[in-house]
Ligand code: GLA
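Below you'll find only one chain, the form predicted on its own, shown as C-alpha cells.
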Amino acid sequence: MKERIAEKFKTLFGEEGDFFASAGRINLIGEHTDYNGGFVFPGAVDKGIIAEIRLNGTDKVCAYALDLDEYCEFGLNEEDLPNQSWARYIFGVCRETIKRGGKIAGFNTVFAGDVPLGAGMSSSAALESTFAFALNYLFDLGIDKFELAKIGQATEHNYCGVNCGIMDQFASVFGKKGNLIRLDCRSLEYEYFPFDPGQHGYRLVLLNSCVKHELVGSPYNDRRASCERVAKALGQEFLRGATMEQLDAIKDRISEEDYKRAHYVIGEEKRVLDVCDALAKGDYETVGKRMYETHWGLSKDYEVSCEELDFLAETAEKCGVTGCRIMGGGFGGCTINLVKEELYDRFIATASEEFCKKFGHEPKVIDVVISDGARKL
C-alpha cells in the first residue's frame, strides 16, 4: 500500500513526503454504553489508513484518494467545504485544528486504506486520526492526544453529520500493540490491559454478515431516548452506576420497552468490568461467557440484532467457540469471535457453509491483530 501511495504521490506532485498512519478498531465488549456514561473496551487493529503528506507552501490542500481514484483541492476557510464526502473528513480535521488555535497551511497528500468497509471497524476514525496526528506533527502544534481524538469526533459532528461518541477516535489515537484500552466514557480516564490471545491458544476473528438493515425511523436515537428516560426516572444524568435493584424499584413507572433497554445497559457495565478482571488473570473462558451474554442481551433486550447475526452466534456456540457477540451498533455488520486455535478452521468452514446455505452468500472472514494507533511511519 505504501509503495502504491508513494508512486502516485511522485506522479502527482513530483516529490516525496512523510508517511503517517492510523488504525481501525474493534471493541471486545461494552456496546451502547458510551452514551450512557459507561465503559468501552476497544483496541486498534492492524488495518487502517496510510497517508503521504508534504507541505506545499500555499493555503490549499491538494488531496488524492487512491482507493477511489478521486482528486480534490480545497482552501482552509469555512466556506471552502468540499463536495466529496471523503474530502470533508480531511477538511474537517483542518478546520477543527484551526478552531483550537493551530496554525496550519496547505499540503499535498495521497492516502489509501485497508479497513474493511461496512464491518463497523471505523475507517472514518482512522482517516481523521491519521490527519490530526500528521498536522500536529508537521506544524509542531503540541496538541495532546486526547484533543486529537476530539478533533476527529468534532469532524464527524460538524462536517460529516454523524453524532458519534468518542470511542472510535480514541482507539485510533491511543491504540497500543498487544493491548486493549478500558475507557470510562464519563470521566475519560483510561487504562491499558495486555491482550495477547495467541499466547493463550486463542484467535480473534470477525465474521462480517455483509448485511446492513435500514430500519424505519432512527433506532439508535430511540435506544438512547429510552436510556435517558430511565436515567431521569432514577434521578441520574446517565444510567452509569445504576443497579438492577434500583431499576426493579421503578419498573411500574417506566414502559416495558424502556425497562428492557436499561436492563441490558446496566448488565453490560458489569460485564465490561468482569472481562477486564478475567483478562488480568488470563481467564479467557469468562471473557467468552460475557461476550455471549452481551450478544443475547443486545438481541433480546436491546433488540439491535438481526436474523443473520443471531445465526452466526448460534453457529459459534454449536462449534464450541469460546465467545461471540455482535460488534458495533447492530442491525447487521459483524460478530467478533474468540476461538480456540484448534477449533478455528472447522468453525470458519462450518460458519461459511451454513450461513451460505441459509442466506445465499458467505460471511467475510477478518482476522484481527491488536496493533498501534496513530503514528509517523
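Since this is a predicted model, take the numbers as computed values, not measurements. Position 1 is the first residue in the sequence shown; the rest follow in order. In this text, the rigid core denotes the largest set of C-alpha atoms whose superposition between the two forms falls within 1.5 Å.
Unshown form predicted in complex with the named molecule; subsequent notes refer to it.
For the candidate set Gly165, Gly106, Pro82, Pro219, a heavy atom within 4.5 Å of the named molecule in the predicted complex is found for exactly one residue, namely Gly165. Lys47 falls outside the set of residues with a heavy atom inside 4.5 Å of the named molecule in the predicted complex. Put simply, Glu308 is far from the named molecule in the predicted complex: not one heavy atom of it is within 4.5 Å. Contact annotation for Tyr35: at least one heavy atom lies within 4.5 Å of the named molecule in the predicted complex.
Not displayed here, the named molecule is kept clear of Gly332 by more than 4.5 Å at the level of heavy atoms in the predicted complex. Residues within 4.5 angstroms of the named molecule in the predicted complex, judged by any non-hydrogen atom, belong to 167-175 and to none of the other stretches in 252-260, 167-175, 280-288, 89-97. Here Phe131 does not count as shifted, since its C-alpha moves by less than 2 Å between this form and the one not shown after the core is aligned. Tyr344 is not among the residues whose C-alpha shifts by 2 Å or more between this form and the one not shown once the rigid core is aligned; its shift stays under 2 Å. The Cα shift for Gly330 between this form and the one not shown, taken after rigid core superposition, is 2 angstroms or larger.
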